[in-house]
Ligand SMILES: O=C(O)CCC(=O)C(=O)O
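Only one chain is given next, in structure tokens, and it is the form predicted alone.
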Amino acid sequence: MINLELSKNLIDSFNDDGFIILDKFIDLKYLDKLRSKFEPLFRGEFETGIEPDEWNWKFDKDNAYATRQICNAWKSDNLIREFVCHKLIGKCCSILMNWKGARLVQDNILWKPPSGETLGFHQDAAYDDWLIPQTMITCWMSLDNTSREMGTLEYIKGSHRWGLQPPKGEFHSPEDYKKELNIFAERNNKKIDVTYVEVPAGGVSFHHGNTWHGSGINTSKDNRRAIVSHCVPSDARFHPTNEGGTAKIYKKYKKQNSDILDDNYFPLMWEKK
């Protein structure tokens, strides 16, 4: 299904830049199958009968040009689950972050149509202050050829070393999608060095949870679709008091008198034995 062997050079690049970008990851024979899942999911057709945790765009109801997002489609579709929960992703994430193991905290199904709008620059880990430790790594798998013209993902090189800022500004379709990045960089005397994730269909990128990233408008005539795994350490726990980030959605899975992340809701992907 997927294939990747992390070399020392890739690990060093991740540590230096806060991300790595690779042209080959998903076995190409799965691409059409994965792409065929998108329209049914966004129409509310869930193979397992279980709704995802977040469903931010619906046909005939929402802005046709918004970037479409579903969170935790792994609960709704078995093939999506096979990919976003794959043990190789968990192993790669653990190696890159120097963790003993990794579990899925959230997935994304992302669909940016032609003229699809922006996603504001942000840091993924900033939304998870309801976890201890507050850290994350993201595996972004492209199902289409990507380019700057298509509003592909943009990374700010080295920004994983800038620390975390609480989430600010608009996330979906902001007019100035770099506003919060520019404000932060100016206030903290940081240099903005943009890298665009331009890969063939089946390519991948991994980025640190502190890495600033966002995406512009899709000015092409093509769809840009991706599936995403957001991973946290296998031994991550619920924060006893913090209710920020996406806590209002995911803290409902917290058991009484326990801070453990239940495998049924936060699947363990890989752990060193």
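Start at 1 and count along the sequence shown; that's the residue number. Computed from a predicted model, the values in this text were never measured in an experiment.
Although not depicted, the form predicted in complex with the named molecule is the subject of the following passage.
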Any chance Leu119, Ser215 and Arg224 all have a heavy atom within 4.5 Å of the named molecule in the predicted complex? yes
233-241, 205-213, 49-57, 30-38: which one contacts the named molecule in the predicted complex at 4.5 Å, heavy atom to heavy atom? 205-213
At the 4.5 Å heavy atom threshold, is Ala247 in contact with the named molecule in the predicted complex? no
Contact between Asp128 and the named molecule in the predicted complex at 4.5 Å, heavy atoms? no
Report yes if any heavy atom of Ile26 sits within 4.5 Å of a heavy atom of the named molecule in the predicted complex; otherwise report no. no
So in the predicted complex, does any heavy atom of Ala185 sit within 4.5 Å of the named molecule? no
Could you work out which of Leu153, Cys92, Leu104, Ile156 is the residue within 4.5 angstroms of the named molecule in the predicted complex, going by heavy atoms? Leu153
Answer key: of Leu110, Ile80, Val199, Met97, within 4.5 Å of the named molecule in the predicted complex (heavy atoms) is Leu110
Going by heavy atoms, what in 129-155 lies within 4.5 angstroms of the named molecule in the predicted complex? Thr138, Trp140, Leu153
